[in-house]
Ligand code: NAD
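In the block that follows, a single chain appears as structure tokens, in the form predicted alone.
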């Protein structure tokens, strides 16, 4: 079969090394000749960020970090950056932190050095997102792509096991969504499958020993591949659902992605058996098929004691009709299974209660 596709690889420097974050951040600040650095880090990450930035001169610290990046918070951060003439942003933290840095870069063009402490993956994409009036808006702009990413597994050891699991499964969702997202192609599918393989092996290691730096390093490696694939492939149904749940109902980002993932895979796998089979193999199944992909993912969730029910995070039954209506407005027409009010209602209802999904479940119900 011949191949025809249009693939874009984003230009970004990646610095990887255990215990080297402080050195790498100082080197990037010096290499760029930056003299007015703004560090964005949440209060919870402030002590960690001080250590990472110990060898640089910081002009201003900003810590008003909120998930889903409310527009008001973005405007406040932009005002601080303008007031201090900031010429470089260093973000130290998870997806909300780099998301706020991106919101500043979107209107100012100030470059970002991102230092992740979770497996969110936002640091490797040119996708921004902000929330206003209960609606999360996302977009693509190369100005928000961090110029440099500094990965250091030691910085993730402060992340509790349950959050490590949720964050890692959020990253795995990038892999799965990238297999059939609107701009999916063979290159980002290959990256996504390798990312899924790395994450499926790393996360049980983190659960077994939270201080296992090799497992946490593998998780960062998988997280980066997942994000690069996602940046190329675009936002598929999974992410459209989660953006609605987060932006409209303020459900927590990582846990929501972790829960929804299994149901989107169960919906789509029967329509793309070859891809689902390759995913099953990446997840450790001895036999690759659309059915074993769902089974392999369910087994992984059992091993990780992963979050299962959206009800545990605030989604009530009465909210489902509004969620369905909002997702239908943005669902990609290219989704392998046509998205309908019926199958989306079933998907969200099952994700709310934690029914174990199997391939094809939402097609026949």
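Owing to the predicted nature of the structure, the values given are computational and were not obtained by experimental measurement. Residue numbers count along the first chain shown, from 1.
Separately, the form predicted together with the named molecule exists; it is not shown, and the next lines address it.
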Exercise for review: Three or more ligand atoms within 2.4 Å of backbone or C-beta counts as blocked, none as open; so place the named molecule from its pose in the model of the complex by superposing the site C-alphas and call it.
Suggested key: open
Check your understanding: Can you check whether residue 339 is within 4.5 Å of the named molecule in the model of the complex, heavy atom basis?
Key -> no
Point to revise | 4.5 Å heavy atom contact, residue 218 to the named molecule in the model of the complex | key: no
Review point. Using heavy atoms and a 4.5 Å limit, would one call residue 44 a contact residue for the named molecule in the model of the complex?
Key: yes
Check your understanding: With the cut-off set at 4.5 Å between non-hydrogen atoms, does residue 127 touch the named molecule in the model of the complex?
Key -> yes
Point to revise | Contact segment among 31 to 39, 303 to 311, 325 to 333, 62 to 70, judged by heavy atoms lying within 4.5 Å of the named molecule in the model of the complex | key: 62 to 70
Check your understanding: Within 4.5 Å of the named molecule in the model of the complex, heavy atoms considered, which of 240, 278, 197, 136?
Key -> 136
Revision key, fill the gap. As a check of understanding, the residue in 146, 222, 94, 236 with any heavy atom within 4.5 Å of the named molecule in the model of the complex should be identified as 94
**Study point:** in the model of the complex, residues of 144 to 165 near the named molecule [heavy atom within 4.5 Å]
**Key:** 155, 156, 158, 159, 160, 163
